[in-house]
Ligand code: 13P
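Okay, so here's just one chain, in structure tokens, the form predicted alone.
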Amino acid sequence: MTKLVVGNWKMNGSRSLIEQMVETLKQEVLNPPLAQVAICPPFPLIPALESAVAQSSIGVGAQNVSNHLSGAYTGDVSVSMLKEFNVTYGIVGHSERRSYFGETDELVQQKVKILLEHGIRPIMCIGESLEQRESGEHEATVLYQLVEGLKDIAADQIAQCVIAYEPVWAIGTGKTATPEQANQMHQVIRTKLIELTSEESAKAIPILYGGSVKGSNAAELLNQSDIDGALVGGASLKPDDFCQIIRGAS
């Protein structure tokens, strides 16, 4: 499958960065496209991104979504609002949402479901802490999050998802799982996805790696057999670095 590279800007960015980023991407890696590319900026910047990427293949993504359709939920953003701005991807279950905001596997499942029901592809994040990896619980932890996040979702709907494996100990720390460690976990995830869907469907579900991905390590990571792309944090805020990662995906 074509590699998918998604930039997660977190609480960073500006209109001027959007203009600079999109122009650089168009010039450097989108003619012809070296990979599928999407950017997930903070909510207020989504309209500017939608406008900037018109007439290009760059996808528009959101970093979160409410599990409610509407109502008295101050500060939340509904899936129908995202649809108005042609959002095609939605990140759910990021470790920062889990740890800082107490998001549970049950809430992640609700958000996955509501995105799927409205035609937005969830990018569901799963990953273990350093303590869980060192104690040998990493595979069980990741598979539990995977199964709970996709609970009661039909196989044909699961096939529309994107999974992002992000070892918590490698996010924003400068540490990166070795290509072999990452690929081995991706294979474990793929095996479970076969159980939940089918072999054909599971092979078509992109499994991204996230966790201090940068230009210098992207090619080695993305050339692994079961790594289908990257969910990129800090490096996605730097046009040259982001382009280098996309080149690594090709």
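All of these numbers come straight from a predicted model, not from anything done at the bench. Position 1 is the first residue in the sequence shown; the rest follow in order.
In what follows, reference is made to the form predicted together with this ligand, a form of this protein that is not presented.
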Legend entry - Of 170, 82, 146, 115, the one that lies within 4.5 Å of this ligand in the predicted bound form (heavy atoms): 170
Legend entry - Partner-contacting position among 64, 57, 212, 67 - heavy atom within 4.5 Å of this ligand in the predicted bound form: 212
Inset, instruction - Determine which one of 70 to 78, 131 to 139, 162 to 170, 101 to 109 lies within 4.5 Å of this ligand in the predicted bound form, judging by heavy atom distances; exactly one does. - result: 162 to 170
Inset, instruction - Answer with yes or no whether residue 239 is in contact with this ligand in the predicted bound form, where contact means some heavy atom within 4.5 Å. - result: no
Inset, instruction - Could you confirm whether residue 15 comes within 4.5 Å of this ligand in the predicted bound form, counting heavy atoms only? - result: no
Inset, instruction - Could you run down 106 to 144 and flag each residue that has a heavy atom within 4.5 Å of this ligand in the predicted bound form? - result: none
